[in-house]
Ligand SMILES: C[S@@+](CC[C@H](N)C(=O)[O-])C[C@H]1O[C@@H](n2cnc3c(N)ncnc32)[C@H](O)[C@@H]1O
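One chain comes next, on its own, written as structure tokens: the form predicted on its own.
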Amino acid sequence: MFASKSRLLSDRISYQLLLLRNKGSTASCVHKSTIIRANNTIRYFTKSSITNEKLTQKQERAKKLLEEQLKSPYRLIRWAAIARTEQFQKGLTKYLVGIYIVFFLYGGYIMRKLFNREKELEALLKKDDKDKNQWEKLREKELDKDQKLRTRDELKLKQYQLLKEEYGIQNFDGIVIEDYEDTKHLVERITGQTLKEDDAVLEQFKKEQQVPNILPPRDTTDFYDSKARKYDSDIGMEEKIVFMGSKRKWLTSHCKGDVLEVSCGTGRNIKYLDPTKLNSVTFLDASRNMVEVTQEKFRNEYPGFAKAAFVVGKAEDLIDLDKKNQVKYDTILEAFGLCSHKDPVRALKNFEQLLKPDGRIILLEHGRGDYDFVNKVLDKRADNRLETWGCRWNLDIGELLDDSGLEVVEEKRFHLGTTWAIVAKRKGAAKKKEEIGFIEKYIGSSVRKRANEFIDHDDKIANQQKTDLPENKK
């Protein structure tokens, strides 16, 4: 009895020593076996058999858990379990291959579409502007990334598309669509037909296309005179909600030299000015009461700044206000004023005349947004906005700039596109160094240079071919 127990203890010690000796060597543990005698029975143990047994148990537990999750009352748990099944994973490969094929075909379609657009644009650019009809000019504007398509342009393109698809007109030579022309009147004018008021085609077109509800301008001088003293308290919270302070900082950061602020209102930009960059500053507004509030603010904020003038007058009359001196400005800025002018285009043209050759016009305005659902809200509440704040907040600021003849250096949009931040210059004036971007400065210039080389090469070949013609040799 004692000898049997002693032998068993000896075998156990031998097994432990063997494990310690083979520790760290997976191969030796797998192929070497340990013999233990217990109760006259020889038992063989290998590490591989132990490991396989553990793996089998783990797989069985995982399989059991998966079956339980497949029957779970919770949808997300069932979906997660289905995604781990072998059947789903095999099928997933087929789906991925199918998605890749669809993506490849769609990519080819898009690339072909882009190629056709580029070819169409190339053909339009080669054509002389005098020979282009209105449709071709609008189409070129739509295809060219460097040009901005405005609200009226989009509407005209859709009206041309309507004439082409519904009324079979293919040649648009001699056809000119007026800005925001009534579609029914347009179709009758072009086709000579008399359409019913409830024409199905026109009714569908009106549903799909949104025509801006632009209200006629009005003189708002008396309105702002009555609002002057309580204007800041009334508008303050609205501007805080949309963080308008940061936009006003952007506006005034461009101010330097001799500065003119048009539609200064109650001087809400004064606290953002840097007087060290200014030589002189002039504040202009049609409301006398608002100019008085501006003067009080400026004198309190910068009591030592002497070259400051406060003028009561309209932006449309700027040229007539100072015919004798005709002071020129380095910076002309305006914040939310174009919407209140009776003639905003004339105001912008006056800005250009009062600008120094290298001066800049800086505008912070609200107008039409980037999305149709936003513009629908602006149009719907246009009457209420005009009565409450005296402004037409659904104007397309880009259209005003195009009509004024100014060149836009920088155009940014905020608040779903309804807040416009514009830097403009006189037509033909050179850009400043800080206004030229990296791509335009380095990459764009090299591309243009290379393109010009190709054009010159083609011209030389064409001229050479003309010279080689038999009639030219004679």
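For clarity, every value in this text was computed on a predicted model and none was experimentally measured. Throughout, we count residues from 1 along the sequence that is shown.
Missing here is the form predicted in complex with the ligand; even so, the following discussion is about that form.
Item to complete: Using heavy atoms only and a 4.5 Å cut-off, determine which of 150, 156, 268, 346 is in contact with the ligand in the model of the complex.
Response: Exactly one residue meets the criterion: 268.
Worksheet item: Within 4.5 Å of the ligand in the model of the complex, heavy atoms considered, which of 310, 329, 231, 205?
Response: By the 4.5 Å criterion, the partner-contacting residue is 231.
Discussion item. Only one of 299-307, 223-231, 141-149, 102-110 has heavy atoms within 4.5 Å of the ligand in the model of the complex; I'd like to know which.
Written reply: Looking at the other structure, the answer is 223-231.
Fill in: Close approach of residue 341 to the ligand in the model of the complex, 4.5 Å, heavy atom
Judged by the heavy-atom cut-off of 4.5 Å, residue 341 is in contact with the ligand in the model of the complex.
Practice prompt. Look up in the model of the complex whether residue 264 has a non-hydrogen atom within 4.5 angstroms of the ligand, and give yes or no.
Written response: Looking in the model of the complex, residue contacts with the ligand include residue 264, since a heavy atom lies within 4.5 Å.
Item to complete: Although the ligand is absent from this view, report whether residue 284 comes within 4.5 Å of it in the model of the complex, heavy atoms only.
Response: So residue 284 counts as contacting the ligand.
Worksheet item: Is there a non-hydrogen atom of residue 316 within 4.5 angstroms of a non-hydrogen atom of the ligand in the model of the complex?
Response: Contact check for residue 316: yes, within 4.5 Å of the ligand in the model of the complex.
Worksheet item: Of 236-255, which residues get within 4.5 Å of the ligand in the model of the complex if you count heavy atoms?
Response: Contacting residue: only 248.
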